[in-house]
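One chain follows as structure tokens, the form predicted alone.
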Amino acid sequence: MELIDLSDNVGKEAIFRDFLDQICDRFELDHAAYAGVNPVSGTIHGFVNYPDSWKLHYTQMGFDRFDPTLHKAGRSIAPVDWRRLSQDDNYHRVFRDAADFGISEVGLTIPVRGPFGDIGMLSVTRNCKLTEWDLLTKGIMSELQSVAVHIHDTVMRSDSLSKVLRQPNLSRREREVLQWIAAGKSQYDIGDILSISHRTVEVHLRSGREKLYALTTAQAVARAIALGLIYPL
């Protein structure tokens, strides 16, 4: 995956960095980082308030390819305390270097899942004893989870890479099939209307569901209507 630092975008750096700094100040944390995974473009995009020297080293070493605080934590549906990752050799590869830059391995990642298959992760750290960390996180976890959702939604609305997620590139035939499904027609009816086989209708329907990240046809129709790709009848 390509790693894209959103703080490199003119006009966004101050806003995003200030927001992360506010999170740290409010919750008595040392550092905070947001990373989002775009399943369509195959990119990890994000911003951090880590020292620039660590950001450069992290990128040069390619840690984003195997950092378990990204890849393992991103597969969870619940917050992941980094202690759970300590058995992973890659964890030690990252944090042996991180210590040289004053980055603590005491931290956690809060994953967020969006409606179009997008994934966001808010990670926070603090250099302290684990007993102190446990007391702190117990008191702030609920608020941090709300903050994680807010920051992910904000980034997805502003990130130009995410436009393809909000406006899937459905083919004309895929839109036609979904439009007729919305009108209450069966796959056999749609085949007759469009002069194609019902198996071809199923192919277009399945493709449309995949592009809309829908598990069911009803969900695909609802999302297509919400996005203005088809119209309710």
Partner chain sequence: MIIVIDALNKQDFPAILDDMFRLRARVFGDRLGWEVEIKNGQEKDKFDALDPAYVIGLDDDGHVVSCVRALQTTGPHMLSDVFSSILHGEPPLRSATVWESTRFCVDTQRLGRGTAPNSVSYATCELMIGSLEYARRSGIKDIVTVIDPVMDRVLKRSDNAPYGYVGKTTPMGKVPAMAALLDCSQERIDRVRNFAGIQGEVFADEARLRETQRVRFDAAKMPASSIRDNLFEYLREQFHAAGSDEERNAVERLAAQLHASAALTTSSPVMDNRIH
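Residue numbers count along the first chain shown, from 1. Throughout, rigid core stands for the largest set of C-alpha atoms superposing within 1.5 Å between the two forms. As the structure is a computational prediction, the values presented were derived from the model and not from experiment.
The same protein has a further form, the form predicted together with its partner chain, not shown here; the description that follows concerns it.
- The closest heavy atom approach of H45 to its partner chain in the model of the complex falls outside 4.5 Å.
- Mapping the unseen interface onto this chain, R26 falls outside it, with no heavy atom inside 4.5 Å of its partner chain in the model of the complex.
- Its partner chain in the model of the complex is not approached by H57, whose heavy atoms all lie more than 4.5 angstroms from it.
- Contact annotation for G102: none of its heavy atoms lies within 4.5 Å of its partner chain in the model of the complex.
- When you look in the model of the complex, the only residue of A33, L170, A182, I190 with a non-hydrogen atom within 4.5 Å of its partner chain is L170.
- With contact defined as any non-hydrogen atom lying within 4.5 angstroms of its partner chain in the model of the complex, K72 is the only contacting residue in 50-72.
- Once both forms are fitted on their rigid core, the CA atom of L194 lies 2 Å or more apart between this form and the one not shown.
- Once you line up the core between this form and the one not shown, the Cα of V203 ends up 2 Å or more from where it was.
- Relative to the superposed core, D67 shifts its CA atom by less than 2 Å between this form and the one not shown.
- Compared with the form shown, the D64-E210 C-alpha separation increases in the model of the complex, the change being 3 Å or greater.
- Relative to the displayed conformation, the Cα-Cα distance from A148 to A214 shrinks by 3 Å or more in the model of the complex.
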